[in-house]
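Quick setup: one chain, the form predicted alone, written in structure tokens, and binding and motion questions come after.
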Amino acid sequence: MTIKELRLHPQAIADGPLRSSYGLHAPYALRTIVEVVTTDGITGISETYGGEKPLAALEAVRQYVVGMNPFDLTRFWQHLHDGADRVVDPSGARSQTMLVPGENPLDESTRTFAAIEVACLDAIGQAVGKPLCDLTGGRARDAAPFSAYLFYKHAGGGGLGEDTREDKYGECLSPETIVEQCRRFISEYGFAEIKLKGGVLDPEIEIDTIRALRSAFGPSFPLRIDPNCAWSVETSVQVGLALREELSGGGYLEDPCSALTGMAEVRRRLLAEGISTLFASNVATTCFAHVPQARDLDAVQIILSDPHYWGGIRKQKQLSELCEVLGLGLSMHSNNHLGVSLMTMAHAACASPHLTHACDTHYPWQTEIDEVVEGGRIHFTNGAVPIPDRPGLGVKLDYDQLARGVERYHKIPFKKRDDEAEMRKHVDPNWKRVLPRW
């Protein structure tokens, strides 16, 4: 079996005006659908980050992918891998502190490899008649658990002009509206864990929001909050003190301030007060070299993986094993994505024995109109995505929908994610991401 063709399909998918410490989401998020077509008539697929840079990186490896055996992934890794994920840069340049995922040049080789690896594993799964998660030693579970991922947002459902989408949730900039947003998520998807994207409003309001969620849903729903480094060490400590009860019982505090050293200081000060709130990170821990450092500093107790930029599903499983050895927890980070990516995350989670917390997903924020998976949207069962009894990823592409996404991509002005520019355009013409903001 040899790859005879590499097809790349840039996609634009409508996205609502969601807020984070990075700024404001644009009316469209960008993705890329990848196909590897083999001489055996099998087509493997994957999904990765979108826009000009990720697309150019995939184009740059076309000459190596075409003619490659899909089984020959180790040699492809050796060719592509630059070793950057083995070195911790004291400057923190490799972190996502100031760069949104998909735009960090130091992740380029692992992101590119992951996109090709997943498509190859999908093709291999189809060739041998096995689900993808069973190709790496067998699955640890049959369904991947996900959490309700809540966002403060402005009014609007995303899209532009005639492509403007329905706003299912309205403006959500208060504790009360976030609780109602969560109620709808749980009703529709059955989520059993809750995450709030913070770093947007005054910390006191975000504390009140977490308390309102605890009051509405009770202690059986673990809570987590992620301000994406928007707080100082002092503010992070104050939030940790205020939410000592609400973030216990399976919850956690994610990337409250920048850098592992800052998080370690917050952790020390909270422990001195008898508060053992767990810390998680996908900003300060983005490669394997960060993991032992995070453990040694006691800065992070839960690593937030992502097969899209950690190097694919096999690297995800290696990370699971490393975290288990080091006594760290494991969950999974998310960006806006379509069903191919959701199934990739589900297979990665099911192949990772040491998954200790439900994964993040933006999937509820996307719409049926943009879905490229044949048969429409992926369904959740009790907050989890079951692995289908089909080979590979278990999903096929709807090529009419795929073509619509390509056409949409070429029509819109956005070719990279820039949340700061959107804030200046729609909220405050002088806005700039400043860390810490509080």
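Counting begins at 1, following the sequence as shown. Remember, it's a predicted structure, so these values are computed and weren't measured experimentally.
This protein has a second form, the form predicted together with ligand GKR, left out of what is shown; the following refers to that one.
Looking at 230-238, 354-362, 126-134, 260-268, which stretch has residues with any non-hydrogen atom within 4.5 Å of ligand GKR in the predicted complex? Flagged stretch: 354-362.
Under a 4.5 angstroms heavy atom criterion, identify the one residue in T286, S334, T209, Q366 near ligand GKR in the predicted complex. The option sitting close enough to the partner is S334.
Among T110, S147, S341, N282, which has at least one heavy atom within 4.5 Å of ligand GKR in the predicted complex? Result of the distance check: N282.
So in the predicted complex, does K197 come within 4.5 Å of ligand GKR, heavy atom to heavy atom? Contact check for K197: yes, within 4.5 Å of ligand GKR in the predicted complex.
Is the gap between E254 and ligand GKR in the predicted complex 4.5 Å or less for some heavy atom pair? So E254 counts as contacting ligand GKR.
State yes or no: in the predicted complex, is some non-hydrogen atom of S305 no more than 4.5 angstroms from a non-hydrogen atom of ligand GKR? S305: no contact with ligand GKR in the predicted complex.
Decide whether P203 counts as a contact residue for ligand GKR in the predicted complex under a heavy atom distance cut-off of 4.5 Å. Because no heavy atom of P203 falls inside 4.5 Å of ligand GKR in the predicted complex, the answer is no.
Ligand GKR in the predicted complex: contacted by all of Y22, H25 and F151, heavy atom 4.5 Å: Per the other structure, all of Y22, H25 and F151 touch ligand GKR.
If you apply a 4.5 angstroms heavy atom cut-off, which residues in 101-133 are near ligand GKR in the predicted complex? If the 4.5 Å heavy-atom criterion is applied to ligand GKR in the predicted complex, 101-133 yields only P101.
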